[in-house]
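Below you'll find only one chain, the form predicted on its own, shown as structure tokens.
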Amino acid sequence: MSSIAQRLGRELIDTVSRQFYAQIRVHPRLAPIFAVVHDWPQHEAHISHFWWTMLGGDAYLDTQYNVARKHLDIGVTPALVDEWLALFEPIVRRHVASPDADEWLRKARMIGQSIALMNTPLD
């Protein structure tokens, strides 16, 4: 059985990443948080590789990911995670048919929950 990554291909995953970050760069609340990115093509390539591997593709870069920590470090709050997901979902659905889109978005929500939990104060 092929992975989602294999069914979609690297080019499509790259397209989703580029379109998503194009929207991030103009989003009123997310753009300031992501202003730490100075090389957008490199960042998008890095994130495309991340999604490729998360969707079952074999790694083609030697990279370690600590998604929750990196987003915590730049100040991504649970509310911003919700906005991030609200931007991401329609882009994925525009390019990817179900059930692959559903599975990709399930993974994105799980990652979002990890980010939100790391940035939620314990009472």
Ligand code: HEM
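These numbers come from a predicted model, not from an experiment. One-based numbering along the sequence shown.
Omitted from view is the form predicted together with protoporphyrin IX containing FE, to which the following refers.
Handout entry: Ligand-site call, protoporphyrin IX containing FE overlaid in the predicted bound form, backbone or C-beta contacts under 2.4 Å, 3+ atoms
Key = Judged by the transferred pose of protoporphyrin IX containing FE in the predicted bound form, this form is open (no ligand atom within 2.4 Å of backbone or C-beta).
Problem - protoporphyrin IX containing FE: the contacting residue among L87, V92, L30, A45 in the predicted bound form [heavy atom, 4.5 Å] - result: Flagged contact: L30.
Exercise for the section: Determine whether any heavy atom of V36 comes within 4.5 Å of a heavy atom of protoporphyrin IX containing FE in the predicted bound form, and answer yes or no. Expected result: Yes, V36 lies within 4.5 Å of protoporphyrin IX containing FE in the predicted bound form.
Handout entry: 4.5 Å heavy atom contact, A108 to protoporphyrin IX containing FE in the predicted bound form
Key = Yes, contact at 4.5 Å.
Problem - Contact flag, N66 vs protoporphyrin IX containing FE in the predicted bound form, heavy atom cut 4.5 Å - result: Within the cut-off, so yes.
Practice task
Decide whether I13 counts as a contact residue for protoporphyrin IX containing FE in the predicted bound form under a heavy atom distance cut-off of 4.5 Å.
Solution key: Looking in the predicted bound form, residue contacts with protoporphyrin IX containing FE do not include I13, since no heavy atom lies within 4.5 Å.
Practice task
Answer yes or no: in the predicted bound form, does protoporphyrin IX containing FE come within 4.5 Å of a heavy atom in every one of A5, G57 and L61?
Solution key: Per the other structure, none of A5, G57 and L61 touch protoporphyrin IX containing FE.
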